[in-house]
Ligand SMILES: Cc1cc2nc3c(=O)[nH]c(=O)nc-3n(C[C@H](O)[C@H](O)[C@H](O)COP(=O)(O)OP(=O)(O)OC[C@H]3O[C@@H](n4cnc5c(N)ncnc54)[C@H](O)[C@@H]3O)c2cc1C
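We begin with a single chain expressed as structure tokens, specifically the form predicted alone.
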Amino acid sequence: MPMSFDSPFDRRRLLGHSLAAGGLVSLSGCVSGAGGPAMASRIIGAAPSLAPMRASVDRITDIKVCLRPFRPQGPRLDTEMLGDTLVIHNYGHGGSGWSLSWGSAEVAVGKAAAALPDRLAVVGCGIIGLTSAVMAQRAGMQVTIYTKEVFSRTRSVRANGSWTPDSRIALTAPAGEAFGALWERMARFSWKSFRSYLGLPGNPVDFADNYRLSDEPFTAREEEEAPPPGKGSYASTGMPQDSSEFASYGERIADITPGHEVFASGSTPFAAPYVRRSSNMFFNFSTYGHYLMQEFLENGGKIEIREFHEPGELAQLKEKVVINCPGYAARDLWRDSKLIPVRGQTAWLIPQAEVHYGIYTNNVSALSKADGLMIQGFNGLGDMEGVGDSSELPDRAESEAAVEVIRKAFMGFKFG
């Protein structure tokens, strides 16, 4: 039976116990806002011309639940030997898997290349596994992916797919400053890698303006400096600030992350009197996954459907260098009790091609993507949202409530 923690205290106690006892022994076995600090805000008066979001429960086409694999120490990127097989671990990225996928793959493939293999195995076909496989091919290796499910059926495509590189990536104390330098390396490499996909047909990677709506004036801190990294760090997400034990590294890449602008009161199409705008990178799952899969297969990559039940089975593979990317499944496969589930749920509505922006209001975010209008509600727990909840059952009432909040946000919306 899935374990759920109902209060911030319970969830923080969960994290503390996982460190003291070496993990969560009773849990069985993807979406938040984070990012780099924005520059000081600019107050502007030009009103944007926007098409309204058509948010209504009858337009819901899907509800997805993601379990983000969080490790208090940060993602596992070490190596170990299983007999004569070198295993490079690459999992446990919390809410930052999509964002750090290229940088994490660069680290893992670098370690694999040191063994000079002609061929390499990758376990897992989520965003971390598939990106690692493509990166290994670019390094000249023949790659086979061993996976229970292909990319389109993995937990990765149940996330929200936004640039959130330090979202639930680690806890400050156990991760330490050394990890901050590694995080920066991965974040910068990923940011540069994603830029090569901008402007391609289908917009596999894109940017959109995000508007944070408020009935109250933004505080001086909100207007003059960025929220701290974590749940509400990147201004583009519009999330509220949260004081927690989660590591904050966004200031390390402040030179490449967008700033935000505050509109003069009443100067936007929204009924809310106070509005702040910023830009954020995001990923369209179907087209981006297609590009990765196409490159992998065209370069001779192979996929073998296979489920592993214990680590020793990896030593039986013909490839003697393996990059291990099982995501949350590592909790069972690798007996990694340090791995904590972080539940996130998104509702997907019929796509609106005329809408190309996102909003955040009253603890609910919405972003229009090629894959659909994505809406996600938050209960105000900040970074502790979903921590310790391993349920993957969709809660339609939760999604309908979030959709209703967005619908109300467009009441009184001024057209054109």
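What you see is a predicted model; the values in this text were computed from it and never measured. Numbers for residues come from their place in the sequence shown, where the first is 1.
The same protein also has a form predicted in complex with this ligand, omitted here; what follows describes it.
- With the partner removed from view, the residue among Ala366, Cys66, Ala347, Val387 that has a non-hydrogen atom within 4.5 Å of this ligand in the model of the complex turns out to be Cys66.
- This chain lacks the partner; the member of Arg306, Arg335, Arg138, Arg195 within 4.5 angstroms of this ligand in the model of the complex by a non-hydrogen atom is Arg306.
- Every member of the trio Gly94, Arg155 and Ala329 reaches this ligand in the model of the complex with some non-hydrogen atom inside 4.5 Å.
- Among heavy atoms of Ala133, none comes within 4.5 Å of this ligand in the model of the complex.
- Although the partner is absent here, Ser162 sits close enough that one of its heavy atoms falls within 4.5 Å of this ligand in the model of the complex.
- Taking non-hydrogen atoms only, Lys148 approaches this ligand to within 4.5 angstroms in the model of the complex.
- Although the partner is absent from this view, Ser104 stays clear of this ligand in the model of the complex, with no non-hydrogen atom inside 4.5 angstroms.
- Heavy atoms within 4.5 Å of this ligand in the model of the complex are found in one stretch of 182-190, 75-83, 307-315, 268-276, which is 307-315.
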